[in-house]
Every structure is written in C-alpha cells, then in structure tokens.
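First, one chain by itself in structure tokens, the form predicted alone.
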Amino acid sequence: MDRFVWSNGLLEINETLVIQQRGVRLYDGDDKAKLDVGVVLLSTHRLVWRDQKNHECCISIPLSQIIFFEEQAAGVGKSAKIVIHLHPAPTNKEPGPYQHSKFSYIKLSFKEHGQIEFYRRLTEEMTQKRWENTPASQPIPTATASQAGRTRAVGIVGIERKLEEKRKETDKNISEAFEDLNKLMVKAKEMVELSRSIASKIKEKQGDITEDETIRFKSYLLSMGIADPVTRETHGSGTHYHMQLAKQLSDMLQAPLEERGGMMALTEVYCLVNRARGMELLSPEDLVNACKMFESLKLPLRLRVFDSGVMVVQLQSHSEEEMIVSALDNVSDKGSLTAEEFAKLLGLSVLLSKERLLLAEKMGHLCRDDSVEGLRFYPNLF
C-alpha cells in the first residue's frame, strides 16, 4: 500500500478510462486496509481507488509499478480477489495513505462481483502497455519561465477542450437514446392496439376460425407481452410495489385461468408471467408476495397451498366441491385412475391432477392403491 499516492481522481491528458467497478475493498497484503469500500478505476495508465462515500479520498498507482497479478477464488464468506504484486516504492514517491508497508503486494476484494471482467481488462492493458506509447502528461520545458507558463496554459486549454468534446458527445448520445425511446413507445402503443384488436376478433368470431388459428392468435398475444409491466423503478419497493403487481397479475391471469379450469400451478404462473414481461423479469419471492395480496385487495384470484406444499393460483369462484365431484365422477366412470390418466382426461398438469385426487381422497370419496406400478385411485365403497 505504500506505493499508492494521493490523487484527485481526474484523468490526465492522453489517459483513457477502461473499466470501473463498485464495492471494492483494498488489502495491504493479507491485512485489510484502513480505507472503506470504494470504486476501483482502471485507466490506460493507472489503477485508481476512490471512496464511495468520501469522493475526496482518492489514491492511485501507475500500471508500470505492477510486476504481475493473479486471481484468488471466492470462498465461504469470502469475496473473490485479484492479487497484484508490485515493484518497490520509488525514492521520490509523492505522499500517500501509507508511508511504509511490510508487503510487496495488494489485494482487490470484489464485494459486488465483476472481478472476471476487471481481470480480463487489466490483462489487456498490461499486455498492450499503452502508457509507454502515450504518456499521460507531456513534459514541461524549463528553459524560461515564460515558456513554462505558455506550455501550462496550452495544457489547461487542452483539458477544457477535451471536456467540452466529451460533453457534446454525451449530449448527442442522450438525444439519440431518447429519440430511439420515443420511437419504441410509439411502436409499443401500436402493438397494444393490435393485441386488443386481435383479442376482440377472437371473441366475435369464435365459431368462424379454427382451433389452430385461435391457438396461433393467442401465442401472438402472449409474445407481445405486457404493455406496461409493474417494476420497482416505476412503483418503488415493498408493500406498494407488491400491491400494484398483484393488480396487474389479476388482470393478466384471469383469462388463462378460465381456459385451464380455474387453477394453475404457481410454477406455471411464474413462467407465463415472465414470458409476458420480456426483460422486466420477476423474482419468485416477488411473485409469491404479490399473490398473497389477492385476498386482502379483494381481487378475483386466490393463492392456495395444498397439504403437500404445492402452491397454486385459482379463481375465487373456483369451487372445491366441483373439483371433488369431477374427480369422483371420472374415477367412477373408469373404475380407477392414476394422476397421469386423470391429467390426460382433464387436460391439466400431472401435479394438479394428483392434488385433486388427493383432495377427493382426503374428503373420503376415493381410496388409493400404492403399489410398485404406482399410485392408483379407486372409488371409496367403504
């Protein structure tokens, strides 16, 4: 750590930022440095570390000081690290956070990951050694004071010009991005109108189009996705986010539930919802928390947990008695049924079919024969 010097964190002339990564802690050898977690920046000439909270706390080290470096894999409770071995500190070194160190190497501990890409970019820079071809700052002639003053002025003007060029380029990129975003929003509105039009035509011409065409139209609607998905960015976090998400799930799932007999496994709901949301994917935890709010928000859906632990989403109007009667009637007609056979008859998943049969058994309407051939259900005649 005694190789680091205090820095203002600004890039010098001819120096270019390569990559930066947040959540990096410095180690002086095997010991944690007295500095907090910060941002590490790799440029074409230096390795710069800046405190995340106190931006005035910034240190740097030239890449020419690096001898070699290696990766250190993450362990139990330990973050992945990059170990950097350094040359001895030069005698004319500027002041830094450490005056003396017993170690000849430092470690970068990556608390928020990103070490793989950082290691790759560091390898590229150490191979290319661009700091040798383009020095970061031009030497200032010392022949006369006037010459030195003019060179210094040119350097400042050059920095200002470079900053102005970067600002203009940033403004241009932002303008182009918003222009593309506006075009995307216009297209999104058109797609929503088209999906509504297709949905209304399916309802109006239910008997005029074939089943294959209906399935194809519905696949188009599903691929179009949700027009305005609820996200943490738009609705914050916590209870409010889950409430808005529950309302959107209720609107989206009502039609698929009606088509599937009023009940869907939560895993199936998870796949259906995330496919419709496109890039704005939901976590399983957020989905469960949102589904738990169906009842408190008085929405037409309910989250149900069977005795086996299987979680399903069902319509509020879905009758448990009807499920039991349906299971009993089908088993009585066939004499006996397995969950797989029952699933084929109703067009349901095997998981939900088995839960229906188990529910009918729990209520005393069915009995089971559990043998090497599998689980088979019979009408309970006792």
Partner chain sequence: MQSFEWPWQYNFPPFFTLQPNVDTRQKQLAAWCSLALSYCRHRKLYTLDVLEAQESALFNNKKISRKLSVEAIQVIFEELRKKGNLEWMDKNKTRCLIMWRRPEEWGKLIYQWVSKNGMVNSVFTLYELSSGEDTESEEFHGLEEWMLLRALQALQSEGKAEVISLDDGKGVKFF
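These numbers were taken from a predicted model, which means no experiment stands behind them. Positions refer to the first chain, counted from 1.
What comes next is about the form predicted together with the partner chain, which is not displayed.
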Review point. Does K362 make contact with the partner chain in the predicted bound form, using a 4.5 Å heavy atom cut-off?
Key: yes
Practice item. Please check if S7 has a heavy atom lying within 4.5 Å of any heavy atom of the partner chain in the predicted bound form. Key: no
Exercise for review: Using the partner position in the predicted bound form, report whether V18 sits within 4.5 Å of the partner chain, counting heavy atoms only.
Suggested key: no
Check your understanding: Using 4.5 Å between non-hydrogen atoms, is C367 touching the partner chain in the predicted bound form?
Key -> yes
Check your understanding: Listed by sequence position, which residues of 363 to 382 have a non-hydrogen atom within 4.5 angstroms of the partner chain in the predicted bound form?
Key -> M363, G364, C367, R368, D369, D370, S371, E373, Y378, P379, N380, L381, F382
